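In structure tokens, one chain follows: the form predicted alone.
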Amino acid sequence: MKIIINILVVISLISVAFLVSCTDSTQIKQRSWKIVWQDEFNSIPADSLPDATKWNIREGGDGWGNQEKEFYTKRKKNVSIDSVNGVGCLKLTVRAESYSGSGWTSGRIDSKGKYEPQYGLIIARIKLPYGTGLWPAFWMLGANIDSKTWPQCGEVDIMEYKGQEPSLIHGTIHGPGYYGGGGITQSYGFIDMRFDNDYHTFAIVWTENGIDFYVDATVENGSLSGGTLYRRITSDDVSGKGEWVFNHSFYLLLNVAVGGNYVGLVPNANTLLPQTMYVDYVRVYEEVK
């Protein structure tokens, strides 16, 4: 009975995501896009660190405000550029090992101080890891975080994923009055596929008054096409909860956490490690007016 109940919960979430997609997709404004920043992760020799002009590699194991259990390192065994089947990619790898007081190591990079967009189409093509206790994410934080602490700075989770739920991803925004478990969020799921079996794209279209969340969309000839718009969040959705804090620059982040408040579990005997999040590219587009 418990298994049946869990399946019904997942199907319910999937149905909501599909319903939002069908409702909102007819309202998509057709825009033209030009690429303004990208990392294809193939311009540096294999087994190198990410491009230091674009990314910071973070290090530490203080929980990162989420009670995470990993220690992020700058070692190539956790963060590296490599080639998989002839395609360059970023690899963020979780390993089970004793390191600086933690039982796991992983990788985390961000573009703080190096690239901080305001508005646009932001997209990454990613193959996710799998396993209980893993928490990979593609996300953004307000670039003013040093003067406006979280959640006042704002946070956009373009894609979050619980490793024990390989068919389900989540898109969320956090700000003052709607943060942590109270963030404005939507789940999107597959019935017969998993996000760890192949690459998928995760994207947002971010404007002054709203953020649209997409799965498996692509940009072709300057237009966003295909895929599914599974949630549109506007400034009206924040009204009554708090302040809309998404009208300034943000920086990009990619990481794989272990444990933490969101995922709720740590790896167990069924979590096969090491596990890697593969990132084919990250691209940012501006609208052509």
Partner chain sequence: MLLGVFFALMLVNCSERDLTQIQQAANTNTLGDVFIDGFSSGMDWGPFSDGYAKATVLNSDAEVKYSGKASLRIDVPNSNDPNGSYAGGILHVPGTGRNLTGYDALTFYAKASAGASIEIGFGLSSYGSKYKVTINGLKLSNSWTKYTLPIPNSAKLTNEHGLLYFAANPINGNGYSIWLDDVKFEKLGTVSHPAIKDSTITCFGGKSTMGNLIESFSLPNGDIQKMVVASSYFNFVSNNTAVATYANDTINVLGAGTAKITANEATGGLTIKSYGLPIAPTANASNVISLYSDVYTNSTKTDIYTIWLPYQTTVVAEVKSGSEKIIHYTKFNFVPVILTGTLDITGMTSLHLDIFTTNTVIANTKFEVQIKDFGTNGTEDTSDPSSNIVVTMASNPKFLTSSWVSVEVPLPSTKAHIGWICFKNDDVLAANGGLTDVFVDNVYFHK
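Small disclaimer: the values here were computed from a predicted structure and weren't measured. Residue numbers count along the first chain shown, from 1.
Missing here is the form predicted in complex with the partner chain; even so, the following discussion is about that form.
S.K.: Which single stretch, out of 184 to 192, 98 to 106, 139 to 147, 203 to 211, brings residue heavy atoms within 4.5 Å of the partner chain in the model of the complex?
M.R.: Heavy-atom contact with the partner occurs in 184 to 192.
S.K.: Is Y115 part of the interface with the partner chain in the model of the complex - any heavy atom within 4.5 Å?
M.R.: Taking the distances in the model of the complex, the answer for Y115 is no, it never comes within 4.5 Å of the partner chain.
S.K.: Check whether N197 has any heavy atom within 4.5 Å of a heavy atom of the partner chain in the model of the complex, and answer yes or no.
M.R.: Result yes; N197 sits at the interface with the partner chain in the model of the complex.
S.K.: P166 near the partner chain in the model of the complex, any heavy atom under 4.5 Å?
M.R.: Judged by the heavy-atom cut-off of 4.5 Å, P166 is in contact with the partner chain in the model of the complex.
S.K.: Is Y130 close to the partner chain in the model of the complex, meaning a heavy atom pair under 4.5 Å apart or at it?
M.R.: Contact with the partner chain, yes.
S.K.: With the partner chain taken in the model of the complex, which residues across 250 to 283 come within 4.5 angstroms through any non-hydrogen atom?
M.R.: Going through 250 to 283 in order - heavy atoms within 4.5 Å of the partner chain in the model of the complex - the hits are N270, L272.
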